[in-house]
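Only one chain is shown below, in structure tokens, and it's the form predicted alone.
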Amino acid sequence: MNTYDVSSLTQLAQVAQQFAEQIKPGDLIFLNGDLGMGKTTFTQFLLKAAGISDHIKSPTYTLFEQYQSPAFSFVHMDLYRLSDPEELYFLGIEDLLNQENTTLIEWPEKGAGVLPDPDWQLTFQSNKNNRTLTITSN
């Protein structure tokens, strides 16, 4: 487990760059934290660090977006608007979670009972004066 100060966008980008060097195809990554904590911004920095040149948008309304880098296939999911974990089956979750896709999921608790255990847990927290990101490898 490692905890980082991510109070600035520069710090968040640096941690995303370091984390991009640790992940591998097939990894499942949960992003935990309240609204506005930096989960989507971190994902944008991570995908850019992995070589994605496309515009990276929040999947809040589409529930997921897919991206291809030279070395990775990524799926970025945001389950905030999910009403029931069973809806993941209609999205084709079994096809999305595979050994080729590195999958990042915001609001993973909305998929409880359907999602498998993650390879990585990223937890974004805020104190009065700073934000931290704790990365735990399972």
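Quantities reported herein were computed from a predicted structural model and do not represent experimental measurements. Just count from 1 along the sequence shown to find any residue number.
In what follows, reference is made to the form predicted in complex with a small molecule, a form of this protein that is not presented.
Colleague: In the model of the complex, does each of L35, T41 and W107 have a heavy atom within 4.5 Å of the small molecule?
Modeller: Yes: each residue has a heavy atom within 4.5 Å of the partner.
Colleague: Can you tell me if L12 lies within 4.5 angstroms of the small molecule in the model of the complex, counting non-hydrogen atoms only?
Modeller: Contact check for L12: yes, within 4.5 Å of the small molecule in the model of the complex.
Colleague: When the contact criterion is heavy atoms within 4.5 Å, does S7 count as touching the small molecule in the model of the complex?
Modeller: S7: contacts the small molecule in the model of the complex.
Colleague: Name the stretch: of 47-55, 99-107, 82-90, 66-74, exactly one has residues whose heavy atoms fall within 4.5 Å of the small molecule in the model of the complex.
Modeller: Heavy atoms within 4.5 Å of the small molecule in the model of the complex occur in 99-107.
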